[in-house]
Ligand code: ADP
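What follows is a single chain, given as structure tokens, in the form predicted alone.
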Amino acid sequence: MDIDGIKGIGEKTKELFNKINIFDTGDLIEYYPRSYDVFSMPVNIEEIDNEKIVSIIGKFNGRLVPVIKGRNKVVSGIFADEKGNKLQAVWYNMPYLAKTTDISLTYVLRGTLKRDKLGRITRIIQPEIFTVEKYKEKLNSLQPIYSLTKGLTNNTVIKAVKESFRLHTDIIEFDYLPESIRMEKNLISKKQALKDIHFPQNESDVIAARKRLSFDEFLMFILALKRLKSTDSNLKNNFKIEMSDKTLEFIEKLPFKLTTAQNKVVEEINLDMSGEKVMNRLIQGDVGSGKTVIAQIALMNTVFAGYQGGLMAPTEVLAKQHYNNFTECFKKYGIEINVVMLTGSMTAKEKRCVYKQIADGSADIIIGTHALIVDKVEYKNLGLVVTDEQHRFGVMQRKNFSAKGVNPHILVMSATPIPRTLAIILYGDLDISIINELPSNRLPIKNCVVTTDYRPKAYNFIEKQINEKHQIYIICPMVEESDNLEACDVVSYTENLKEIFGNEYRIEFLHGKMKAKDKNNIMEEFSMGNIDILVSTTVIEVGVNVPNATVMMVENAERFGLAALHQLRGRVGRGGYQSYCIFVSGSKNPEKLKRLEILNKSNDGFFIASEDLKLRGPGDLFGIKQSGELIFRIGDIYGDADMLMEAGDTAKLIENNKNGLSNEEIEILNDMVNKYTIDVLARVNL
């Protein structure tokens, strides 16, 4: 049923749901909460962790005062806890509170705190007000929190989900997973999992529900990949490509020697491309390990064998960087290879010119974005397709790129630090090559984990680096300031920096909500050295190579997954200069600082991923996903690693029919895999 078939959802609300990819009631049932609101015991003000929604018991010192500030009607008052600690309570656009709140009563205020520049708690923003009796009724209960868009409330989603459950008992009741597998893996029923993921009674319900649903998601994904691999692995090699003497000369002329790991991967690729079957290979290497030069070698061999090669990057900035590097390199070494670039922002005339070169074969290497796989692009003899930063593309996008030729070789590259045991499962349709060492000319990045008290020293250090003609990245978790979240945002942070440093340095910000053209302009200006400090969200994680950038400072580092932080750190240390990474924690929680210390101890992404797995226990299944890279609906490859392994084992048994399943059970599983492959695989970023 369409979303507007639910009572109370009109055209405007339907449009809001559509913005978050909810179009029907089935989508709602699988729109899982991103976290849960736990009504815990009230605390005193000095006991508060600033990252949590807090509950404080106390009384108002006097009546609430309404004030009009611009477009907002603000109500505020002084609230004191049982020990006499005070703070200001502030509500926006709730003027009726001034008349309905009885200042003689004891209340529990529940909301988000604000601190001043010295870190002192000063306000509680938009708190809910409960009488002591009403709060006791909610104590220890869980309320689902959904990802929203502006104008859509959490209560609206909750009501819509409840109505979808009532309307779709068929979806709720159906369980594709045979009972024998559920029993063996200690999994609850699908019906129970769906109920408990949306409306749990306690944390145990959430953990059991996430266990079942993540297992389902991983199992379907792995079975779909196995089906793809069974199709691809037997494809005949139409493009037998050997190592060219010209490529060997190029390798000899490089100003650096390939590492042992790089040479091993080059050999594996050569064996694939000259063999009887089509290559489907992943190069998994840490940030800065030298994957691109290996792709360049493979592309050169392809061209010298008489075929075309394509390289698809996730952003125009990265595509342009590859294009410039390839053309400058070939010009320097006198290599006659025609490299062209194709991106969405090019004019229609520019695109037609490139289309013609691709179609007639005069374009040897084509570098671009998703524009490489649009219908208008026709390749003459595509022998090799390369995708960079593979986690930013869907499996089906890779397939679409491959379909532009007649079964060309496929080479994909990923810097996502995934332990090999997990990578073998996640990239089940690919053979895996690993680069586990960095080039010898790379200086190890110096790291430090600090709290906000260190910020003035960090700014002094940053100023020294700028005076030495280097550039700085500063990462914030938010785009703009929020009344509901205590975290740094790029907009106000940039304004504060400009006040601190004055007009002496150029400081700009970058975030994902900006127009593509504006983002590209900022990144190009930064790469050209025209910006001293770039304040950004994680949008720069996959960005240009700026060898002159020597400092990466991450604010509220405790809010990021370790894998994401390691990827961010990889933006510096790319030149011959000593580089530094400063992880600033907004929390002094010992457990969170301990977790960040893993980054302080090592620059090895695979070690970091493994250590992160060790730190995560069953409790980490409760709440927001951490990885943020390989996006499933609910599964997290780090937090749910045990379920990923279990699903991998089960998929092997199903594939070889060793589970003792009936023909009917196997048929149901096959139908589910077909549905998953068609409807879901294209959106999973792998």
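Heads up: residue numbers just count along the shown sequence, starting at 1. Note that the coordinates shown come from a computational prediction; the quantities given were computed from them, not determined experimentally.
Same protein, other form: the form predicted in complex with the named molecule, not shown, and the subject of what follows.
Novice: Counting only non-hydrogen atoms, choose the one of 506-514, 154-162, 530-538, 287-295 that falls within 4.5 Å of the named molecule in the predicted bound form.
Specialist: Looking at the partner contacts, the answer comes out as 287-295.
Novice: Using a 4.5 Å heavy atom cut-off, are Lys446, Ser585 and Asn603 all in contact with the named molecule in the predicted bound form?
Specialist: The answer is no; none of Lys446, Ser585 and Asn603 reaches the named molecule.
Novice: Let me know the one among Asn545, Ser274, Asn520, Gln357 whose heavy atoms come within 4.5 Å of the named molecule in the predicted bound form, would you?
Specialist: Comparing distances to the named molecule in the predicted bound form, the residue within 4.5 Å is Asn545.
Novice: Looking at Asn436, Thr112, Thr452, Thr259 here, can you tell me which has any non-hydrogen atom within 4.5 angstroms of the named molecule in the predicted bound form?
Specialist: Spelling it out, the residue with a heavy atom inside the cut-off is Thr259.
Novice: Answer for Arg574 alone: is it within 4.5 Å of the named molecule in the predicted bound form, judged on heavy atom distances?
Specialist: Arg574 belongs to the contact set for the named molecule.
Novice: Quick one: does Lys226 come within 4.5 Å of the named molecule in the predicted bound form, counting heavy atoms only?
Specialist: Lys226 lies outside the contact set for the named molecule.
Novice: Please check if Arg442 has a heavy atom lying within 4.5 Å of any heavy atom of the named molecule in the predicted bound form.
Specialist: Contact with the named molecule, yes.
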